[in-house]
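Heads up, the chain shows up twice below as structure tokens, two forms, tagged structure 1 and structure 2.
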Structure 1
Amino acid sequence: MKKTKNTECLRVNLKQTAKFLKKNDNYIILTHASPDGDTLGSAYALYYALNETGKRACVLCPDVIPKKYDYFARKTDHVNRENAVVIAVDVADERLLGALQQEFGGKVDLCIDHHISNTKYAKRLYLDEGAAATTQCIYELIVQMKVNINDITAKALYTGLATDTGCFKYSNVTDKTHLIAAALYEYNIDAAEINRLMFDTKSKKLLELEKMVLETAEYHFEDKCIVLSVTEEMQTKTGCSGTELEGIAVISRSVEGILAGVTIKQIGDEEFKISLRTYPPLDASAICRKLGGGGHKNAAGASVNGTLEQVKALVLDAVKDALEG
């Protein structure tokens, strides 16, 4: 899909966003493809909050939502799409809407996000680049709207905070992040169980796939960069694909001495998804922008077409430029 550029994107603040949400009654909330805890936590927390105020809303995800999120991701209302306000959460670029882009491309009324690489594709944008997760923005929005937070809303919010911060260990964590997490502990969220599901549980087939991925490891630039590959053949052999591969990119950041951890995942005949994890002084978002993607300073991604070797060469060239610069 081609990128849709919106030259009339209006930046709105927290108060203006709350007022906008109170003004309308029917909402469609969109997540990004290959959903993670932050996009799903943001979508469902906003959905439950809108329900609390008597609004109708539904959550649409372009991919199947993994079962591990069943404790807060429930079936939502049916909303008439003709008169609904469309909101995208944690979606930095409308191309990330995947299968939903064809229907909603150029039709997003409000985007709520925390990615510095946001392409301003929506009619309105509430962007807090300093927030550790989009769920942090959603929490502040719910408070601003004076909406009651119940247990299931709190579970969704905590999930997004925990997953986008690596269980509160990444550099994006601030005092505000901890204060919000502490406030969520007042509800029946069972944080220990959420953390177990998100960080300490994996299937046998994912373990087998990780073993194959580790065997592809290549080191470059005096061992400052590691490249891991996930081919279509590996996914077919193990039966592990799609959202199940969400945590593979984390492996690359755990190797001692690495400044750039690259994971190349095949998603089509000659289409690959790049996940980049970096440590200072490298900027993952700046590197991925050269590849047509974006993200955060220490975690970013892009989609690149070509053979595996061609894609690998493009990524390594971008990393090399960053290391030399």
Structure 2
Amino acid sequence: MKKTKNTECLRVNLKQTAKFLKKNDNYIILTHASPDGDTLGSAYALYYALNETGKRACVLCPDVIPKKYDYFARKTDHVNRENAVVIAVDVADERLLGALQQEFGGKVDLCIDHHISNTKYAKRLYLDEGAAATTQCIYELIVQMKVNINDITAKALYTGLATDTGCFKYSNVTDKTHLIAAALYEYNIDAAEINRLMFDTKSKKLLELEKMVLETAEYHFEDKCIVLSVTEEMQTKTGCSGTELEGIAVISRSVEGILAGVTIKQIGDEEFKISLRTYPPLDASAICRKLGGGGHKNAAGASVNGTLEQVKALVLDAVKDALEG
């Protein structure tokens, strides 16, 4: 397949996507950087499905795949990069390809996604904004292709469904999400063990870090806003970093009566990453855009330079404006 810089993105439906996959061979499936259960679950489920039809495919992830996904993330085929067909799954923006952007930027032949914010960077795009997870799209695609689902495929699919919905907790869940989960229970997936790994497994050091973070809790604006801070010192002292820290933002959104949950994580000398979780009427995405970031209505982020106190003041100003607006 000839690689061209895409000037246009063709929206394709499920049937067209299935047809495209049946027609071609030698696939490179790309996940987004800082991989989560949905991008990995989608990539591997698609890989196993393509394998099942006799196609060659490999999964490429810009970052090291965390060990906790070992139960479905196995070694994939070797695919020659020269004449490969490139697929990106759950990748809303080319920049999210991270270390793989340089090699594959402008060369994605098909993107399968559920993010409404998809930037239409691929040659073809199958987008279902109503899907709770990209694995929901992949499941429907596999059914459309009439490909056999193996236990490991079902595990990968279930993982994406569960992780992108907080285990069926969030507002992106629909009856379809539950119907697909029910269908996946017909395979030997051991969903309880998957959920234990995905949701209920914290390292001892993370528990130690959480204790430190709770000590930083500050309440503002009549307790409508909580600010939690994760300094570099805490990360060094406990040895916790990267995706391990994702759960901290969850704490900030769980406090009763809170409309804005702010987590400020130090990522450099005078550089901080803000994670914002909001409840209506606040719009996390709008607040983070003011800080040079973006995201979803209920969850967004931004990178801000300055000292911790300066960054905190900036974020609190933005939250205050939103609360008064």
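So that the term is clear: the rigid core is the largest set of C-alpha atoms that superpose within 1.5 Å between two forms. In this text, all values refer to a predicted model and were calculated from it rather than measured experimentally. Quick note, the numbers are simply positions in structure 1, starting from 1.
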{"query": "Form predicted alone - structure 1 or 2", "finding": "1"}
{"query": "Interdomain rotation between structures 1 and 2 (smaller rigid part versus larger, whole °)", "finding": "12"}
{"query": "Core-fitted comparison between structures 1 and 2 - CA shift at Leu314, Å", "finding": "6.3"}
{"query": "Core-referenced Cα shift (Å), Ala299, between structures 1 and 2", "finding": "3.3"}
